[in-house]
Ligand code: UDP
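Single chain ahead, written as structure tokens, the form predicted alone.
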Amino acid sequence: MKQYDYLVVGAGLFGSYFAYRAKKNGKKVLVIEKRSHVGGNLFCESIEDINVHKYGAHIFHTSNKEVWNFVNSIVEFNRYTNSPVASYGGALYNLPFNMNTFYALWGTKTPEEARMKIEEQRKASGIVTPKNLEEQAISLVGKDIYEILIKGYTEKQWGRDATDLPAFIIKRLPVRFTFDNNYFNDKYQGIPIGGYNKLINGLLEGIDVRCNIDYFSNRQSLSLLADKIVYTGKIDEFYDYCYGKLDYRSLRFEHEILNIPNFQGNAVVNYTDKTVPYTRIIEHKHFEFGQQPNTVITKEFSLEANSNTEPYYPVNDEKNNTLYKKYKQIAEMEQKVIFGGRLAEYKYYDMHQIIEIASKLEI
């Protein structure tokens, strides 16, 4: 008889929530994590008494009341509303695209004026069948919004020119004809009071967890510890890249302590000008309405993932999706391995979606 029912590889949200459910169902679980801490990219570090999102901004949002009630049963969430600002050429614009944005761009004061401006630019483009991301975006929102708020940011994110990116990456662009700066349409939104570590630690309470353990450095003996494996890492790595490597985008962060109480007046400011090397600056104290005397900011840089960087985002273009399907086919034949999360399923998930998917798995 094996020592554990489940070996969970990776202590991010998927792995932690699966382990929580398994324990509730009377199963013995071991969670292993290659980093020195649990929580994956949700991990927060206390700096200057501020919960710093070490791996980028994370805002929990959902319209699923059951999910919202569940996470609040682990840790109480605050009323933070994500209202990012875009900086371009020294001017500031509200996101998502709304009446405040259109007024800053064109001085339009009514929804009808804004609609007409967008429609006028869409028609002027003459684009009928978009051949790339640039043409797709212009055909949806016109030239001004594209050039000021989309082009530079997108090219920095992907590390490619917008004309070299496929049109299907942007299926739609949210345009609001109201003066509403709330980025998400979901009913519930917030940040755990005291940071995301409280959520992860609550999920993993009473569960065997070992950090600084690389599954692949001792795969055989670790796999023998449990009847089943829950794997949350890169699916191509699990199969030793037998079909080739999947592409991922990564991030690099520059954290800085400033001896001032407030640097930018907002948690997230996107820099949409391509001449600015970083994609955004995060000021962490605003996630929890902090009143600390100092502040911590993080500049976020997008780059191609390699063996020395953490993979963050799957590059879901045609080439990579085709390659992933090959891995998925062999993964579906596994009797004792469950694949879950962004890296294992090669799909972008928000946090609430991770919980929804993991809650449906049979344990």
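Values in this document were obtained by computation on a predicted structure and should not be read as measured data. The term rigid core refers to the maximal set of C-alpha atoms that superpose within 1.5 Å between the two forms. From 1 onward, residues are counted along the sequence shown.
There is another form of the same protein, the form predicted together with uridine-5'-diphosphate (UDP); it is not shown, and what comes next is about it.
S.K.: Report whether the minimum heavy atom distance between residue 101 and uridine-5'-diphosphate (UDP) in the predicted bound form is within 4.5 Å.
M.R.: Residue-level check for residue 101: no, no contact with uridine-5'-diphosphate (UDP).
S.K.: Would residue 284 show up as a contact with uridine-5'-diphosphate (UDP) in the predicted bound form if we use heavy atoms at 4.5 Å?
M.R.: It does not: once uridine-5'-diphosphate (UDP) is placed as it appears in the predicted bound form, residue 284 has no heavy atom within 4.5 Å of it.
S.K.: With the partner left out of view, is residue 170 within 4.5 angstroms of uridine-5'-diphosphate (UDP) in the predicted bound form by any non-hydrogen atom?
M.R.: Yes - in the predicted bound form, heavy atoms of residue 170 and uridine-5'-diphosphate (UDP) come within 4.5 Å of each other.
S.K.: Looking at the partner-bound form in the predicted bound form, is residue 154 within 4.5 Å of uridine-5'-diphosphate (UDP) by any heavy atom?
M.R.: Residue 154: contacts uridine-5'-diphosphate (UDP) in the predicted bound form.
S.K.: Here the chain is shown alone; which of 150, 276, 74, 229 has a heavy atom within 4.5 Å of uridine-5'-diphosphate (UDP) in the predicted bound form?
M.R.: The residue in contact is 150.
S.K.: Let me know the one among 175, 95, 127, 207 whose heavy atoms come within 4.5 Å of uridine-5'-diphosphate (UDP) in the predicted bound form, would you?
M.R.: The option sitting close enough to the partner is 95.
S.K.: 88, 267 and 302 - do all three of these have some heavy atom no more than 4.5 Å from uridine-5'-diphosphate (UDP) in the predicted bound form?
M.R.: No, the candidate spot makes no contact with uridine-5'-diphosphate (UDP).
S.K.: Looking at 119-127, 106-114, 142-150, 258-266, which stretch has residues with any non-hydrogen atom within 4.5 Å of uridine-5'-diphosphate (UDP) in the predicted bound form?
M.R.: Heavy atoms within 4.5 Å of uridine-5'-diphosphate (UDP) in the predicted bound form occur in 142-150.
S.K.: Quick one: name the residues from 256-291 with any non-hydrogen atom within 4.5 angstroms of uridine-5'-diphosphate (UDP) in the predicted bound form.
M.R.: Residues within 4.5 Å: 270, 272, 280.
S.K.: Once everything's superposed on the core, is residue 137 shifted 2 Å or more at the Cα between this form and the one not shown?
M.R.: True for residue 137: a C-alpha shift of 2 Å or more.
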